[in-house]
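The form predicted alone is given below as one chain in structure tokens.
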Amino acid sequence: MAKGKRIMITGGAGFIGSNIANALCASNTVMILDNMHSGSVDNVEESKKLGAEFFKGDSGSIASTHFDPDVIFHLGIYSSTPMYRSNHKLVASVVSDAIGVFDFAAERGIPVVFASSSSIYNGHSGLHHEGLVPKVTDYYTEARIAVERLAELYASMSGLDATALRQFSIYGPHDEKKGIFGNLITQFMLSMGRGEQPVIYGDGTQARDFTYVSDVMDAYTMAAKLKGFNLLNVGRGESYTINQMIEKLNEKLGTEIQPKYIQNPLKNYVDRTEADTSKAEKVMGFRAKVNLEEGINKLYDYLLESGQLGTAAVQKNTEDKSGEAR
């Protein structure tokens, strides 16, 4: 994205939103709008030091900020299936907030790039492409589908430039602030760093297309230039089973911790995700750069430097640097 832009980020104190804010606020004017449902004050400290403004509120209250952006990144959308299981009315909140954002943007001719989810492909096997017809699976996906359709409607009726990014299993810095709603890589790295067994639903053969957050950040800035309505996958384009991911974490942490397998208590659990990103590559030149090993290394370094990893990981880091245990 060109420098000198005015950028609104709803959900900007959350995981992905704060990473985008931190990356862009040094050379752009950034406004962060967040109701702090799963956001963290710590996530926005760096952005605020670099001049970003912060406004506490729901995404639908965007007009109340009195900020006139050149582009809107709409990530202020409740972002985990368990949230909706415990509160079905979040579906209505997500739709209401989206209408507030789209009304604001359409009236002013502002492009919107917003977060959708690979969970929409739940129930489909094989490579996931944008042409697949979503199945009825859970409240979370119904909320995302509704926002996608609304965006397409606004594009048709009001000429809104709106791009939905179907994100695949994102992990990276600040994800740990989401706690139990964070990505499995983050949750397991932290628990295994404490010497604890990671708990896996089922037999661990379910697979995910794990995507590092910096690649997603690139996708948002690329998508801000698109016209009309666009629906695009953002993923790495390769899947690993949960068991394979655990193996890679053990290797990085220097541990030999075996998972604890339990009966899956969830209905409509996503069995496999794997992104077909050919459309995103064709439309905006997107291609993920960070593979799983590199992403795990980056997350490990971040969690270690921020003092969030347990003694097992610290011991491994000491051995790596010295060549012997101390």
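One-based numbering along the sequence shown. Please read all numbers here as calculations on a predicted model, not as lab measurements.
One more form of this protein exists, namely the form predicted together with a small molecule; it is left out here, but the text below deals with it.
- At a distance threshold of 4.5 angstroms between non-hydrogen atoms, residue 78 is in contact with the small molecule in the model of the complex.
- Not displayed here, the small molecule is approached by residue 58 to within 4.5 Å at the level of heavy atoms in the model of the complex.
- Contact annotation for residue 298: none of its heavy atoms lies within 4.5 Å of the small molecule in the model of the complex.
- Heavy atoms of residue 16 reach within 4.5 Å of the small molecule in the model of the complex, making it an interface residue.
- Among 189, 151, 170, 113, the residue placing a heavy atom within 4.5 Å of the small molecule in the model of the complex is 170.
- With the partner removed from view, the residue among 176, 97, 161, 218 that has a non-hydrogen atom within 4.5 Å of the small molecule in the model of the complex turns out to be 97.
- The partner is not drawn, yet in the model of the complex one stretch among 273-281, 253-261, 290-298, 32-40 has residues with heavy atoms inside 4.5 Å of the small molecule: 32-40.
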